[in-house]
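Read the single chain below, which is given as structure tokens and is the form predicted alone.
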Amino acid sequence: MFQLTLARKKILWAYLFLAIPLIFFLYIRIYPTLFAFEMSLYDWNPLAEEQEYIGTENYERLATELNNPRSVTRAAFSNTIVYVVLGVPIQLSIALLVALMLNEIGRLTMLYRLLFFLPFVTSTISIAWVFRALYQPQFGFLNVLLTLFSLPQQPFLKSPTQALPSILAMIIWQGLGFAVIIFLAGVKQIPRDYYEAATVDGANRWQSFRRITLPLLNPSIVYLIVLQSISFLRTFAPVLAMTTQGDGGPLNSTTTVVLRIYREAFQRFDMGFAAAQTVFLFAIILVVTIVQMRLTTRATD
């Protein structure tokens, strides 16, 4: 038998404890990813004993649908891009503005932080249903408000042009609190001496923001851009809850890639094609993350 010293025993136990979450992570995250890639190469039928290998046919079908302007798959990918391109900059801009204002106030700070963070920890489905009620025609709160100001009522979720912005507003609002807290933590880390020195040198508030606040918040900005982009790319629950029968309508104007994958896999049981879309979405998220980190990460003096 080997005689281990106390120091080696501690190291051995450390490896053992680290191995438990590592195995869990590999089983929960890595294995399903590899399994999805394998599934995408088959005409996968969950009820069949043997699966038919079809090679890259699912990916060829995906490419064909992406080239078809009337395809639901193309609409799903196009809408998802709109969610990301509009949602991330709007949400982060508002969050930064709110964080800067919260950093200035001296009273009721915790209350304001709590009010902004509360939607983030609230159930997405619950918030989606509340927004769905607000958007209702005739008796929805927003249309009642428009009527009070003698403005025409709006169809919101019933309109192919207004449905996506209406859902996007809800998603931005729900995730705002998380971005505010991250920005606020970053702002608090900036030494006040920098601003005092800039004031002595004659810098105004905009110059201080552009030359001091923005560069020193770069780590927070990079973190939030990557994280929120991934979150918007995986948009699912709000669209499912706020559209009629969760179909991503009207006329597929709000459907997303994840909703499309869900419908293909669990409503049409076309598991192979759904897996191909999953792998393609994974590749997009990977590329977007790498590009964003390269573009937004920079050294700060």
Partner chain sequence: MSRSKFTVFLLSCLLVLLMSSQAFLQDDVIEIEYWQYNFGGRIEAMDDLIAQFEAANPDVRVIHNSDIAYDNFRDEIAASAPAGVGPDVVTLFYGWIPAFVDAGYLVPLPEEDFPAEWIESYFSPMVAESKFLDQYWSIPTAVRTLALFWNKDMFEAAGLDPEKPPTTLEELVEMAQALTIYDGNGTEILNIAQEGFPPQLSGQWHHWFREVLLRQYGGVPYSDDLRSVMWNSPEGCEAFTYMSDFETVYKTGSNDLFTDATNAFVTGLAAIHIDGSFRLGTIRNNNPDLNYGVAELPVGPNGERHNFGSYWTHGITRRAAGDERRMDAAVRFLKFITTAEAGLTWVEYTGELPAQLEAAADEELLADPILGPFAASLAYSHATFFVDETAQRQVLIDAFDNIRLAGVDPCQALNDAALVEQEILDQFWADQ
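Numbering follows the first chain given and starts at 1. Just so you know, these numbers come straight off a predicted model, no measurement behind them. C-alpha atoms forming the largest set that superposes within 1.5 Å between two forms make up the rigid core.
There is another form of the same protein, the form predicted together with its partner chain; it is not shown, and what comes next is about it.
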Options 103 to 111, 150 to 158, 210 to 218, 166 to 174; stretch whose heavy atom lies within 4.5 Å of its partner chain in the model of the complex: 150 to 158
Heavy atoms within 4.5 Å of its partner chain in the model of the complex: does L251 have any? yes
Any non-hydrogen atom of R234 within 4.5 angstroms of its partner chain in the model of the complex: no
Hey, in the model of the complex, does N67 get a heavy atom within 4.5 angstroms of its partner chain? no
Using a 4.5 Å heavy atom cut-off, state whether P191 contacts its partner chain in the model of the complex. no
Could you list which residues of 101 to 140 come within 4.5 Å of its partner chain in the model of the complex, counting heavy atoms only? Q136, P137, Q138, F139
Rigid core superposition, A48 Cα moves 2 angstroms or more between this form and the one not shown: yes
